[in-house]
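Take a look at this single chain, the form predicted alone, given in structure tokens.
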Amino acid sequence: MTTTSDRQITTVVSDFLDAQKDAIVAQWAGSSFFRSVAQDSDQAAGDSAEVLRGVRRAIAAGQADNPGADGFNDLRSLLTALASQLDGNEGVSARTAVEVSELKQPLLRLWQEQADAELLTPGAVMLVGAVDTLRLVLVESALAAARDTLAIQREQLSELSTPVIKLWDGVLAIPLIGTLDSMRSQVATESLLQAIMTQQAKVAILDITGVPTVDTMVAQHLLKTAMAARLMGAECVISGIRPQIANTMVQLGIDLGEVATRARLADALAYALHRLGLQVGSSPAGPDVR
């Protein structure tokens, strides 16, 4: 097949989609794919017309098999929304992909009724290829949306798992629980620094009682957090260093330098109050802070 014949097929198929637009939209709007998500027939017709415009644009550009064609890129937002509604925001399913494939039948039926015998087969191949590319774009768009959703949820979980608590005026604490990865460490640092600024805290306690292990990465994170807090005028205290963790840090040669450490959160709070010039004492009515 020559280049000229390719262009001829492209032009003829594009003209066919223009001429049969109303018939195609009417049949697509009644298909399982569009009918399942549309609130009414007008929405189904509008969605199917937009999809047809994208497919026609890709074919006219000679890129029926290219998922990155402008015509298909125009449809990614719409296809992602349609797939999400079909699967309850859980991504695209095999059923959805099959329903997209069903869009071929109306196209091929109308094409067979209109096309010349010479262009019947190559035109059909082009239309089938365009719908297959449309299905691929649908899957890619839905998977990308699912990845974005998971990333957002993971960030939200990290924020929830690193709460900053006000223990006293000028004293904050952030209890760290579980394994610290790079994302959680970054979120914890940002949350603490933001709280130091908004509450004008003077002492920040990093409590690692709930951290099962401390390796070089975690130790470096704690040191960086302490240094950043110091630049903001607050002192960091690391509490919750259990015997096993202390032994591990010694074996790893980790030196926390000038950062104050305490075995328990209560000890760190007492240290923080002392730094603020407050004293904890006992009275007949119970503990008193002066």
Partner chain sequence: MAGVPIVSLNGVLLVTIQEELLDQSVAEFEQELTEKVVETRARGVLIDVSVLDIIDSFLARTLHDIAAITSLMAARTVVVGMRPAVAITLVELGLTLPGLETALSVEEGLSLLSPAPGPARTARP
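Residue numbers count along the first chain shown, from 1. Nothing here was measured: the structure is a model prediction, and the numbers come from that model.
One more form of this protein exists, namely the form predicted in complex with its partner chain; it is left out here, but the text below deals with it.
**Student:** Give a yes or no on whether every one of 130, 134 and 140 sits within 4.5 angstroms of its partner chain in the model of the complex by heavy atom.
**Tutor:** Looking in the model of the complex, the three residues 130, 134 and 140 all stay beyond 4.5 Å of its partner chain (heavy atoms).
**Student:** Heavy atoms within 4.5 Å of its partner chain in the model of the complex: which of the stretches 232 to 240, 34 to 42, 65 to 73, 245 to 253 has them?
**Tutor:** Looking at the other structure, the answer is 232 to 240.
**Student:** Mark residue 177 yes when one of its heavy atoms lies within 4.5 Å of a heavy atom of its partner chain in the model of the complex, and no otherwise.
**Tutor:** Answer no; every heavy atom of residue 177 is more than 4.5 Å from its partner chain in the model of the complex.
**Student:** Applying a 4.5 Å heavy atom distance criterion, does residue 189 contact its partner chain in the model of the complex?
**Tutor:** Contact check for residue 189: yes, within 4.5 Å of its partner chain in the model of the complex.
**Student:** Would residue 202 count as touching its partner chain in the model of the complex under a 4.5 Å heavy atom rule?
**Tutor:** Close contact exists here: in the model of the complex, residue 202 approaches its partner chain to within 4.5 Å, heavy atoms only.
**Student:** Would residue 197 count as a contact of its partner chain in the model of the complex, using a 4.5 angstroms cut-off between non-hydrogen atoms?
**Tutor:** Residue 197: contacts its partner chain in the model of the complex.
**Student:** Please tell me which of 49, 263, 227, 260 lies within 4.5 Å of its partner chain in the model of the complex, judged by heavy atoms.
**Tutor:** Flagged contact: 227.
**Student:** Using a 4.5 Å cut on heavy atoms, which of 211, 193, 164, 218 is close to its partner chain in the model of the complex?
**Tutor:** By the 4.5 Å criterion, the partner-contacting residue is 193.
**Student:** For a quick check, can you give me the residues of 117 to 150 that have a heavy atom within 4.5 Å of its partner chain in the model of the complex?
**Tutor:** Result: empty, none.
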